[in-house]
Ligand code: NAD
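This document starts with one chain, in the form predicted on its own, laid out as structure tokens.
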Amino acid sequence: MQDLTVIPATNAALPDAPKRLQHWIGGGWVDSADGATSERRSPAHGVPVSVAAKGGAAEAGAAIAAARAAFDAGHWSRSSGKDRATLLLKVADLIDRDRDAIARQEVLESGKPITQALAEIEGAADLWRYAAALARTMHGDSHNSLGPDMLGLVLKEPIGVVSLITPWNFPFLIISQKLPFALAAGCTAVVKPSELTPGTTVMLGHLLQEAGLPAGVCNIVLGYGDPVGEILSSDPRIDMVSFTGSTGVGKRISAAASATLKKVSLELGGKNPQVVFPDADLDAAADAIAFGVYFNAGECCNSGSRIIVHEDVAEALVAKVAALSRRVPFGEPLDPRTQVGAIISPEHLAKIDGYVRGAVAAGARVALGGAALEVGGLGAQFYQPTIVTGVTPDMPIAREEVFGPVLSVLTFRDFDEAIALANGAAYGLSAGVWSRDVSTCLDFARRVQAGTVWTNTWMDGFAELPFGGFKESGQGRELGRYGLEEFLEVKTVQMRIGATRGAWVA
């Protein structure tokens, strides 16, 4: 294993029985009408950790009906910003109270390290507080320059019933990038978490209920994309779909939503470049590159999965990244020392390995890793920190989302070539630039096709700043004031306040 840092299984107590999960529909917790369930086993430990009700058309339809009725009744959609904010702040406090339990369930279902999960739950609470602030400050516009007899108003109103479909890689954080903003806007919602990681979304539902959210304002349906996700994308009672996941599924959601022309917001995949110029601080860049590719085992849409480095410093940079990679602790996710945990499923691990093998067959070279990682007491549902050099732009590993701890290395000779390589993928989620020259950084930031650009850093995040992608990385934005605007409709009101309107018919 090339002297890697591996954390074996600990004696941390695993659950005696899996957590039982129900749908939350119209304010009540219910099983599926047909009694169907699905089991989730820990990807790191192999034991059952949750058994969820498996929803179908009946549950999806009931949840949509509940959300529609709640919105049309107006108790939430026409409530004051103060009242919405007060409830959102209560939820944030409850998340803080239950942070340890939420993080542990997320570790058991997803395989991510406990320290990372705890940080994500803390960040999620901050998002609920930020959305509460937006609820108090949301407003429209007035126009009093239309003449003495006219006043124009621009109202911002909740779009209606929204379906929120979330992925398995950051289940609690991503629902917290959507739901509090939708609620702050006055929308009602139907939430479908990934069937692989439903537990923490259900735990959030219990917190919403404890905080006093009116029945039907938020509903949770557990199950698979077929049929639940399809129904939530196509039902005419749904006014908007917000989806985070793969680009392929995002395209199918857009197609399903097109029949009713409902609004669609998509946060999809990425093949995010970090471009390293020869004057960069290579030590700082190497550490950020290691973080960018191994964070969440690379199962991250923002993964810095390809570096584009000037040929004069490529060898030195790769050596630094390889040395750091050997020191990153992979293994037992319940051990606080671990920084990289298990891969979500055996099938996904095989997909990751397939990209690496395909690159080698096409002429690339594995400088580090390149195989499953055996962890004592836990098995081999882990993947070694992997660096692939000699990558060319035409290889799938350079163009497609691997979604694993695999770094592709490409080289360039001048600025224009670097930009061409950075923009050469179909994705445009995020990008990074490393240079001590601020002009180089600014020029790159203006020319690269990406929704977020980091300069001399990677993957910093703030609730105040919008997040979303160009090209096939999606449409729409989350976070910041833009994240609230996604859930609002704009209505123009034109008021004659002076003399009566002149007659048109003589």
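These numbers come from a predicted model, not from an experiment. We number the residues from 1 along the sequence you see.
Quick note: we don't show the form predicted together with the ligand, though the next part is all about it.
Engineer: Even though the ligand is not shown here, does it sit in the predicted complex so that T166, G229 and T244 each have a heavy atom within 4.5 Å?
Structural biologist: Yes, all three are in contact.
Engineer: Using the partner position in the predicted complex, report whether K112 sits within 4.5 Å of the ligand, counting heavy atoms only.
Structural biologist: Contact check for K112: no, nothing within 4.5 Å of the ligand in the predicted complex.
Engineer: Is the gap between F403 and the ligand in the predicted complex 4.5 Å or less for some heavy atom pair?
Structural biologist: Result yes; F403 sits at the interface with the ligand in the predicted complex.
Engineer: Does S233 reach the ligand in the predicted complex, with heavy atoms at most 4.5 Å apart?
Structural biologist: Taking the distances in the predicted complex, the answer for S233 is yes, it comes within 4.5 Å of the ligand.
Engineer: Contact between K192 and the ligand in the predicted complex at 4.5 Å, heavy atoms?
Structural biologist: K192: yes, in contact with the ligand in the predicted complex.
Engineer: Among the candidate residues V161, L88, L222, L429, which is the single one with a non-hydrogen atom no more than 4.5 Å from the ligand in the predicted complex?
Structural biologist: So the residue touching the ligand in the predicted complex, by this definition, is L429.
Engineer: Can you pick out, from I343, V276, I175, C301, the residue that has a heavy atom within 4.5 Å of the ligand in the predicted complex?
Structural biologist: Selected option: C301.
Engineer: Just one stretch in 194-202, 153-161, 392-400, 320-328 has heavy atoms within 4.5 Å of the ligand in the predicted complex, so which one is it?
Structural biologist: Going by heavy atoms within 4.5 Å, the stretch is 194-202.
Engineer: Out of 440-476, which residues reach within 4.5 Å of the ligand in the predicted complex, heavy atoms considered?
Structural biologist: Sequence-ordered list has one entry, F467.
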